[in-house]
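What follows is one chain in structure tokens, specifically the form predicted on its own.
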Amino acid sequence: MGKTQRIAIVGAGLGGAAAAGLLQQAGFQVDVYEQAPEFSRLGAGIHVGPNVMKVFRRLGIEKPLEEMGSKPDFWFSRDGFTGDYLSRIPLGDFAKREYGAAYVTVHRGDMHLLQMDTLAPGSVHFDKRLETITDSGDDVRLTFADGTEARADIVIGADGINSRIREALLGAEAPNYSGWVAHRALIRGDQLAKYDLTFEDCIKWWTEDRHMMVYFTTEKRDEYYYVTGVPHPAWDFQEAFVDSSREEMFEAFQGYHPTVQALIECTEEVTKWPLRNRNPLPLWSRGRLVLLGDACHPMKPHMAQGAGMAIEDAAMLTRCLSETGLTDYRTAFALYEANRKDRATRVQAVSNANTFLRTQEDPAWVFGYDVYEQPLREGIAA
């Protein structure tokens, strides 16, 4: 008998966990290597569109995710100063009927835990910071900072915007600072009760050069989350984020609607994150290495589809590897890029432009997409 064929995934975030779960479900031997020392409830809020829920249906976590999250009936866009509605995008039952699944907002960490629970016991290895990766042609050797090593037939880089796998393919290059930062804060739902104001389930407040996106992250409505996009001078911090303050928030949103001012008043802790991105990559794979998600096409979070694109990538890559088998990985990688690049690049461009749902429009091209119903277009052989 031949040796067992193995897939290594670098990064156990939302995209990496989705890829591992789907590939294991398809019968592949998969190990995931994550640099964090353990799983933790990281992040705050996240949108999960019907396009993503259809992937989670395959993993068996659609229903529990829908039950734990908030299910807004609309995505509202409102003028930040006047409060006038700019758009009312129907979700709720409309999304289930028209797009084939629910639209959910939820805590990222709660969703991530559901994903991790789908993975085979013992297949996720924490505290594995990748140091070197060598594609010998016959297999790939990975070495980690703790002195251990692993070998695999192919390696999937799901290790984010600063991906070591991307660096191995294309060389070291820092991502671009976009000129914007995102402030992030979670507000306890009981703090909102003291205001005679309406706090809508999913709303984006806009003005010419900045915005604040706000939504509940639980079915119980006990966490209300906001994330902003605000212009900021060149970022020179090395950290992923720094602490911000109510004072900075009041200054950034001076003159905004009383509802926004109330949210800032309720803010206990707020952080500030530089928004970085990259230009579309000239290639998504080389040899036995392939990229997905932010390692491949990072974007500003303004469409709430960054994680969605990583999860769609995972589903399409699984489809392609299932079609060809692991031995013919080159054809699978070519198929994967041919069937993902146009969509991911379009979403990247629209997200970076920050125009999505600002005015009344039809989002069916995003939410109605089903990665499993797309006919596989032939790729160009690597």
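Quick caveat: nothing in here was measured; it's all calculated off a predicted structure. Quick note: we count residues from 1 along the sequence shown, nothing fancier.
The discussion below concerns the form predicted together with a small molecule, not included here.
- Here the marked residues R108, A158 and L275 all reach the small molecule in the predicted bound form, each with a heavy atom within 4.5 angstroms.
- Residue V227 is the only one of V227, V260, L289, A101 with a heavy atom lying within 4.5 Å of the small molecule in the predicted bound form.
- Contact with the small molecule in the predicted bound form, judged by any heavy atom within 4.5 Å, is made by just one of W180, F253, W205, Y215: Y215.
- Of the stretches 171 to 179, 90 to 98, 129 to 137, 77 to 85, only 129 to 137 has residues with a heavy atom within 4.5 Å of the small molecule in the predicted bound form.
- Contact check for Q35: a non-hydrogen atom falls within 4.5 Å of the small molecule in the predicted bound form.
- Using a 4.5 angstroms threshold between heavy atoms, G11 counts as touching the small molecule in the predicted bound form.
- In the predicted bound form, none of the heavy atoms of V347 sits within 4.5 Å of a heavy atom of the small molecule.
- Looking at G16, you'd find a heavy atom of it within 4.5 angstroms of the small molecule in the predicted bound form.
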